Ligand SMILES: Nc1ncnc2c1ncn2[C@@H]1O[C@H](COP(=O)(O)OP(=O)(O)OP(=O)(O)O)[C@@H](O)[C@H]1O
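Encoded as structure tokens, the following chain is the form predicted on its own, with no partner shown.
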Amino acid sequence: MHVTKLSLRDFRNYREQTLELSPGTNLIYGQNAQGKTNILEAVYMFSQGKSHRAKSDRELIRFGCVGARAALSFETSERSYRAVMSFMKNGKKSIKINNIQIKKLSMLMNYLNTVMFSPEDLSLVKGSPSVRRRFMDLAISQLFPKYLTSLIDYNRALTQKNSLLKELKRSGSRSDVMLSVWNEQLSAEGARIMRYRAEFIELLGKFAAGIQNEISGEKLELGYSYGIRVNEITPEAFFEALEKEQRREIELRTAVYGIQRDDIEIKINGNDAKLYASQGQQRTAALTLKIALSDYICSIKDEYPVLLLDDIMSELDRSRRLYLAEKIKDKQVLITSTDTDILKSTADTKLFYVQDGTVEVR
């Protein structure tokens, strides 16, 4: 799996730009605030349907323009694809793959797989549970579109349930029947999501354990921390657990139990990494999880995802840079940096110099 061409028009700070990419290493370098990350962002969007950093698609449109367009050509082991994504200031958005209109985000998943690693991801271990849930959701969604559909339906039902809980507390009325209706919907989707997450964490943990040992010789373990206690992962058990805690949720005016409280337990040498690991250990574990994710995707798709490394080499010490360079040498990778000294140049390394929204091949 690799990207062959990226074309941008009025995207971020790019007026008109086309890049022919190497199937190996693509080093995108230049000073800060010139547009390097915007290139990675555009590629990433074709795997997730949205930016990893913009709150709204309007942020992607170049200042003074009414719309933006990005086109991506990529190849998998099965066939070639051309994808086009356009955004308008009025909120209209269009995504096409091989001239077929993509009407739902779940339809976009599973075409192009990417793994993005940026300095912010170093907080994956020490950050809040929501950071790790997002990590899970993004990873699983791009491989299993049904997971994303269930997640959307679950969150929609959760919003309705929380609205009802607030209303019950304000009015002092009771509506156990209505709460049970939402609990039933949450249980059906929640059990399905839990199964996906449990399988994901189990397999990811196997890859991560070997990688962590290679990097530091330490023992890393991943576990699934459930946001709701169930005897088995079934809709019936999920529903029973929610009904049991109904009175408490009414009192607290919010849905306390469910997959929205899930977390990934990360242990290094038997200790909770968030509480007891050093900053170096936490960074190593974050790097391990991202590399393990690429191996996980390969185990499902039989080909590696496109790796997007946004100024990450400067955040790692020499030994970890060398390890990462060795792991990515036979994969397609797009790396941003302020200089060209971070990697040893090889025959399939292509250099792109970025200055003020203009790219020059060197």
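Counting begins at 1, following the sequence as shown. Computed from a prediction, not measured in an experiment: that's the story for all the values here.
Omitted here: the form predicted together with the named molecule. The next part is about that form.
- Contact with the named molecule in the predicted bound form, judged as any non-hydrogen atom within 4.5 angstroms, is confined among 322 to 330, 43 to 51, 294 to 302, 26 to 34 to 26 to 34.
- Within 4.5 Å of the named molecule in the predicted bound form, a heavy atom is found for none of Ser106, Lys146 and Thr234.
- The shortest heavy atom separation between Ile61 and the named molecule in the predicted bound form is within 4.5 Å.
- Taking the partner from elsewhere, Thr338 is found to have a heavy atom lying within 4.5 Å of the named molecule in the predicted bound form.
- In the predicted bound form, at least one heavy atom of Asn13 sits within 4.5 Å of a heavy atom of the named molecule.
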